[in-house]
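Given as structure tokens, the chain that follows is alone and in the form predicted on its own.
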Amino acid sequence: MRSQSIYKVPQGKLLKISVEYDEKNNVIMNIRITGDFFAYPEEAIELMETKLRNVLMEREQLLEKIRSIITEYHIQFIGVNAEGLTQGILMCKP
């Protein structure tokens, strides 16, 4: 199933997320993250999109995975955080 959400992160920026996920297994097959936030290094968003494939569409698993990616690859976000990304992704589920 393909779905998308637009989410205004509290005290942050606009986040637009498009997710293609397997309803049966509840996992992300493909994801696109855009918005008016900033990420460093430049390839951080592409990396995040790749690493989120096959992750369960459940709050705790998503949040843990996003936090570990941020830590492991020293990603810096301006205008969005791990909690905001998690919420935006979960809003894609009907």
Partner chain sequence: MKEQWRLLQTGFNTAFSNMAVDRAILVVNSEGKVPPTVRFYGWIPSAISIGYFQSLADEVDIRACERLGVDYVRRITGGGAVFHEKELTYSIVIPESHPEIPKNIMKSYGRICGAVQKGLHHLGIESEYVPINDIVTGGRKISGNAQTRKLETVLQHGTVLMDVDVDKMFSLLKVPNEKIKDKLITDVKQRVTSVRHLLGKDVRFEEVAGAMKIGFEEEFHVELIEGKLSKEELALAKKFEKECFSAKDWNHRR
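Remember, predicted model here, so these are calculated numbers, not experimental data. Positions refer to the first chain, counted from 1.
Keep in mind that the form predicted together with its partner chain is not shown, yet the notes after this line are about it.
**Request:** Determine which one of 65 to 73, 35 to 43, 50 to 58, 22 to 30 lies within 4.5 Å of its partner chain in the predicted bound form, judging by heavy atom distances; exactly one does.
**Result:** In short, 35 to 43.
**Asked** For residue 6, is any heavy atom within 4.5 Å of its partner chain in the predicted bound form, or not?
**Response** Because a heavy atom of residue 6 falls inside 4.5 Å of its partner chain in the predicted bound form, the answer is yes.
**Asked** Quick one: which residues from 59 to 89 get a non-hydrogen atom within 4.5 Å of its partner chain in the predicted bound form?
**Response** Contacts from 59 to 89: 76, 78, 79.
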